[in-house]
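First, one chain by itself in structure tokens, the form predicted alone.
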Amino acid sequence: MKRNVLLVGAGGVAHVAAHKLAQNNDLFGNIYIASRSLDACSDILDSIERKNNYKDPANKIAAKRIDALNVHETIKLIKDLGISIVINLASAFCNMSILEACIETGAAYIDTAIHEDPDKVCENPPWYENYEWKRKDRCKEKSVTAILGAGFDPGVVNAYVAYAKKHFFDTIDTIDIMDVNAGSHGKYFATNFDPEINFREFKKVWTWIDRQWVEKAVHAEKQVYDFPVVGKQPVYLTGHDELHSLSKNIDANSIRFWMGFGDHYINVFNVLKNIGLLSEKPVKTSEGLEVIPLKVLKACLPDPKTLAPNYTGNTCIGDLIVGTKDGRKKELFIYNVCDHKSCYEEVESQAISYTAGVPAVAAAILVARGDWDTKTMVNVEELDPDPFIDLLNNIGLPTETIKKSYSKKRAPRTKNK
């Protein structure tokens, strides 16, 4: 069944998603890219044209202007365009307003991150309980499909857990989600997605250990892991969106998130933090101008979209899962490796944006096909992972696995008396 799609946002992830929607537009009706900046939307359409990524030229792909924080404006656009699926790739500050518009119109809703309140950073877990989950009953009452966190992490890594639980484990002890970017963009310092959202993550670490929430200091725990393709990389214990739903939906003793950072990144980060440039609180200049340091820093750093042309190397993101099967200890690393250069050649993007944008479109395809048209609100791990992973294998994000089994321990022998 073809459905008109509204893609909200025009950043790096939306750029990728627009390309992937165009590559699969025979499955949909009309596709619209909406943002506060029509120029940014038009740049994406120009990129799709350059790469000749329209599968069916007869179907419309057009740009629209929208203030995604304005619920009434979003409702009107959804109704005027006959939208059935909304993919929210705008700032996480917009989640609640876009979700509200979908609930009111009946359009399916897909996002890739937890909602953020500009005045609250690293909220107490489970974070989803403060925002999205409060609308769960209304989605069910109105038969509105709402799929939360359908990027890579959160998103694909959640599906990896569900896949492992379905096919490989009877019980799960630990889940270690690991995200490393072993690529190089050639800049002195940059973030791979919105710097404001990026740095707000690193105020504190909430992690799930021994079935309870534990608060840790940022970048306080480090390990070196030998990843496929990219080799040994340092990763740091970090809080992240997916822990807030996995801790509720998956029966596991510990669920942790580890992100890769090089020494240079850590050094620059510490300087920025220590002089106050990572603060979301306003300050006044000597001229009496009120500014927010983090927003000033964002304006000074490279736009993540500009990193793509010269990016080299690979990302590796996956789940290291330890549990049991048939009474034996089992270990599984389920992962994806993504090449920056290949992403640029295909959609003029870097791999970080690619890994977040492609799954959101895969989710939209599954909603349009009916596989994931849930008529209620869910996180990705609550859905059947098989069609999602199969689809990702075919549209740019293949899944690999490394399995390790341990011999079943024998009971100690007893001497005959």
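Residue indices: 1-based, along the sequence shown. Owing to the predicted nature of the structure, the values given are computational and were not obtained by experimental measurement.
There is another form of this protein, the form predicted in complex with another copy of the chain, and it is not shown here; the text below is about that form.
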- in the predicted complex, which of the listed residues (218, 230, 301, 250) lies with a heavy atom within 4.5 Å of another copy of the chain? 301
- Checked 293, 234, 106, 125 for heavy atoms within 4.5 Å of another copy of the chain in the predicted complex; positive is 293
- Going by heavy atoms within 4.5 Å, which of 316-324, 278-286, 95-103, 221-229 lines up against another copy of the chain in the predicted complex? 278-286
- Message: At 4.5 Å between heavy atoms, is residue 189 in contact with another copy of the chain in the predicted complex?
- Response: yes
- Heavy atoms within 4.5 Å of another copy of the chain in the predicted complex: does residue 197 have any? no
- Query: Hey, in the predicted complex, does residue 274 get a heavy atom within 4.5 angstroms of another copy of the chain?
  - Reply: yes
- Task: Find out whether any non-hydrogen atom of residue 184 is located within 4.5 angstroms of another copy of the chain in the predicted complex, and reply yes or no.
- Result: no
